[in-house]
Ligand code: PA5
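Next up: a single chain in structure tokens, the form predicted alone.
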Amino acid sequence: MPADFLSYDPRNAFLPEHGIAPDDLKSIAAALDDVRDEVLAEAQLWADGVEIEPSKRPLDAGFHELPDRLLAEYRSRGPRSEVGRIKAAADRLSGEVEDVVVLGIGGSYMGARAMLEACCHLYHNEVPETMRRGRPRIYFEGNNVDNDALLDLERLLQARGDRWGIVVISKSGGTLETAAVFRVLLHDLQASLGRDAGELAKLVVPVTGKSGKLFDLATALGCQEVFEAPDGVGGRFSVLSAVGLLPAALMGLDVEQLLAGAAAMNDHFRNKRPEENIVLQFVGVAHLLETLRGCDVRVLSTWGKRLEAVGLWYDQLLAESLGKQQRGALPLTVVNTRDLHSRGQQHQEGKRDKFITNLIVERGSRDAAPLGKSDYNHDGLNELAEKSLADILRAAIEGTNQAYREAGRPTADLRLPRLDEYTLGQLFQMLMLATVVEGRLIGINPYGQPGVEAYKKNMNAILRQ
């Protein structure tokens, strides 16, 4: 495996009583290979525009080849490509405003938030502009209907008095949470500009479908740039489309590397045998622990603060894709060592219904901070003076895995060599592919979210009574 490629180690899931055996994984290798072929064939059918059989609908398989297609277009067309236009729009808006409010809900914002927390300064909105590399502060709204939170953001923007803009993301424009907050903030932005329609059109950048309410509103506003939320890519699979790439570019992230990492994972998925294939191994281990041991709670245990939002993005991906027909594992994200002091007791000695996957970054992006010696040794830490916080985290990971193993609690390690755009692109694509593979393996269509539509229908009916 290349040094800059993520790795998967399920050895701590191979337990004599409460785990699985390596032979169990070998026994389903052929089935996993067949499903891989099915998923690849679906992606090709979608790309070729072939009529899809009813049992496969909806088939939002467009996410699969999206990174390869966008990269190829960028390399051949440069600034005229979609990626080129996204980068240019992000650079323009960054040069004109100090703050950007990103509006969206679910897949229309969770990937962007994950990238901000994973790859930007952890205190991005508080540090000086030079530490943000000239990029704007980023705020997320339209992902809830929290009146007080919106008013607090309004007050913040008004008190600061800086020029600000809006990126609004909604394929249809009909999602009530996002549309309602957009209406309020659009009024505020218009008022701050003195009703200058030309300026308003420059400072609002929509990502939406080729038609619909938001598309029509963007046309009426005369928005200078409008980007497409592509057909055949469901919201929770859209992080590597304009939905996620535009906010990423605004943050100053390298969107080419995001796409290159995802494309590398596509190549790995297509060509590696089941016993070497990270996607198939990840699916196989989780599937066996659920079916053989009843581990239907999937804990993504992130080590360090930067990956919590990635875990929340994955929570939506897994829950909305496989939580159908009274089936589907329950995803749960924890942050360690923080949550060892809250959920750790239950994971160690509670019900045996959990499979824990550790998400670990091998090398931090900063130099390790040593404890050092102190004249105030009341904490007794002088004997660890040569150790760093990174050493403590490594010991915590090893010690926790050992404790779980001794208690017969299955775990696996998903390791990123470092945390940057290239590895994050790999991780996003790997988890999306794995979710689709598992859906096909257990006979559940991973696309569509019919259960989510019920609350929307009821909410709109109640409001219009």
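The structure displayed is predicted, hence computed values, not measured ones. In this text, residue numbers run from 1 along the sequence as written.
This next part talks about the form predicted together with the ligand, which is not shown.
Looking at 357-365, 127-135, 331-339, 232-240, the stretch with residues near the ligand in the model of the complex, meaning non-hydrogen atoms within 4.5 angstroms, turns out to be 232-240.
A residue is said to contact a partner when one of its heavy atoms sits within 4.5 Å of a partner heavy atom; residue 301 fails this definition for the ligand in the model of the complex, lying far away.
Among heavy atoms of residue 106, some come within 4.5 Å of the ligand in the model of the complex.
In the model of the complex, at least one heavy atom of residue 449 sits within 4.5 Å of a heavy atom of the ligand.
Residue 94 falls outside the set of residues with a heavy atom inside 4.5 Å of the ligand in the model of the complex. Of the residues given (316, 224, 143, 190), 316 alone sits with a heavy atom within 4.5 Å of the ligand in the model of the complex.
When you look in the model of the complex, the only residue of 345, 172, 382, 219 with a non-hydrogen atom within 4.5 Å of the ligand is 172.
Contact residues in stretch 300-314 (any heavy atom within 4.5 Å of the ligand, taken in the model of the complex) are absent; none meets the cut-off.
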